[in-house]
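Starting off, we have a lone chain in the form predicted alone, written out as C-alpha cells.
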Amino acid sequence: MKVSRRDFAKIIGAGALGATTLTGAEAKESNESNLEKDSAIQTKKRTFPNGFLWGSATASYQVEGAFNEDGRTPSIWDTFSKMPGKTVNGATGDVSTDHYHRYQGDVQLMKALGVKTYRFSISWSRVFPDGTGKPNPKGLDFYNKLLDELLKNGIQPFATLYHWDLPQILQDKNGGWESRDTSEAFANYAGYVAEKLSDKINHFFTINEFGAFVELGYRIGIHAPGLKLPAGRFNQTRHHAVLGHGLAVQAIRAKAKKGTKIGLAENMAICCPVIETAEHIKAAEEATRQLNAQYMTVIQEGKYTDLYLANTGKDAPKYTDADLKTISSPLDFVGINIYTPTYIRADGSKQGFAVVPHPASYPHMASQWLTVGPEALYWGPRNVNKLWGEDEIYITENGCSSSDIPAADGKVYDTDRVMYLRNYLSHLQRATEDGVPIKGYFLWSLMDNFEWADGYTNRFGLHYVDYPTQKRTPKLSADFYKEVIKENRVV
C-alpha cells in the first residue's frame, strides 16, 4: 500500500488521538492551560525593551510631489527621471503621493498605526533654490507645518537632511559631489535648517545611504545624476560625500539648539557569519570594517583602511589629515538601513574573510536585489556596537517590496511582507535581548511611493496608494505592524 506524506500525517494524528485517556472536558482544560503557558513564554521571549521607538519612514522626492511649487527648483532626480529610459515607464516624482498637500491625512495614518516617531527628509532645493545663498522661507514653511502636525499628534520627528535630491544647479555648477564646493554648500544648508528647526526636531541625520547615491549615481549610472566616472574621480566623489557629512555635523553642532542629536543613516554591507562559530563571527566583524571602508569605517575611525588604500592604488582619494578629522566628527547615534545580508566565511587569505555568493535559487522579494536574510537585523547592529562602541543605534530603514494587488474587498493581503517583517523583527528582538543598544526601528515605508528608477512598479508601503485617486488603504502588513507596536513584541 502506498502512503503519501499527507496520509501518513493523518495516521500519526489519529494514533495520537487514540492514545489519549483524557475526557473531552479534561483535554480542553489541559489544552487551554498549555496554550496560556505557551503564550506567556512566547510573549516574554519576543518583547522589546520599554520605551523602544517604533516608527515609519519616507523621503522627500519619493512622496512630496509639488515639484515646482512655492519656490522649489529642480533636483537631480527631477532632471534624471525626465530623461528617456531612466525610470520604468518614464515615471517621475512630480506628483507621487502628493504628500506636500496631503500631509495632515498622512499624519493620521501614522497615528492610526500607533507609531511613536517618523523619519522624513527635507528637500534641499525647497529651502535653498540656488543650492546656496538666499534661503526660501516658503520651503521651510512646509516643514514647520508638518512638524507641528506631528508633534500635535504625539509623533516624534527624525529629519534627514540629504536623501539624494541634490539641487540640479549644484550638479551643473560643481559637478555635484565631485566637488568640495558641494560638501561646503551642504554644510551651510544643514546648519541653517538645524538652526531654524531644532526647536522641534531633536534628531538630525546628515546623509542617507552614501553606499547607494554615490555608487549608483556616480559609478554605475542607474540613479541620478547618471554618471559613470573613472575610478580616480569616483573615489574622490566618495571622499567629498563623507567630507560633506563631517562638515554638516560641525555646522549643526554650531547652529542647533543645545541637546540636538546628530547621526547618519547608512546602508552598510551587513556582514553575517555564514555559520555562527567563532572563526566565522570574527571574519564577519573584519569584513564589516573592510567592506564599509569608504564610508562608515572612515567616519567611525578617522582613517581609510590600509586594504582600501591598497585596493584603490593610484586611484585612491586625495585628502588631508584635517579632512579625516572633520569626517570623523563625533556622532550621537548611528542609523543603519538594513534589507539584505552579505554572508561571510573565514578563510586563509591575508584579509581573513571571503564573501559567500548567493546561489541562483536564493529567495528574494518582488525586487530582485532584495534577497531575504532575517539575521541581518541581528548582525548589522551587533557588529556596529562591537566594532565602534556605538551605544545609540536605530534601524532607520527595513522593509520589502511585494506584488501588492488589492483583493475583491479592496484590501491588500501582503502575507509575504508580513512573513518578511515577522522574521526580521525576531532577529532584531534577539539583538535587543543580547544587549545590543538598539533604540528604535523605522519601517520602510509608510505608504507606496516613487521607487527611484523602478518608478511605481515596486511597492514598499504599509498603505496601498491608488495613484490616480491618491486614496490610501492599510494593507495586512499595516494591521501586523500596528499590533507589534501595541504589544511591543513580535506578534
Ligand code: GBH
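A residue's number is simply how far along the shown sequence it sits, counting from 1. Computed from a prediction, not measured in an experiment: that's the story for all the values here.
Absent from the display: the form predicted in complex with the named molecule. The rest refers to it.
- For the candidate set 328, 174, 198, 337, a heavy atom within 4.5 Å of the named molecule in the predicted complex is found for exactly one residue, namely 337.
- This chain lacks the partner; the member of 365, 216, 150, 281 within 4.5 angstroms of the named molecule in the predicted complex by a non-hydrogen atom is 216.
- Looking at the named molecule in the predicted complex, residues 66, 98 and 158 place no heavy atom within 4.5 Å of it.
- You can rule out all but one of 445 to 453, 423 to 431, 461 to 469, 46 to 54: in the predicted complex, only 445 to 453 has residues with a heavy atom within 4.5 Å of the named molecule.
- None of the heavy atoms of residue 123 is located within 4.5 Å of the named molecule in the predicted complex.
- Using a 4.5 angstroms threshold between heavy atoms, residue 168 stays clear of the named molecule in the predicted complex.
- Heavy atoms of residue 267 reach within 4.5 Å of the named molecule in the predicted complex, making it an interface residue.
- Using a 4.5 angstroms limit between non-hydrogen atoms, residue 288 is distant from the named molecule in the predicted complex.
- Contacts to the named molecule in the predicted complex (heavy atom within 4.5 Å) from stretch 395 to 431: 397 only.
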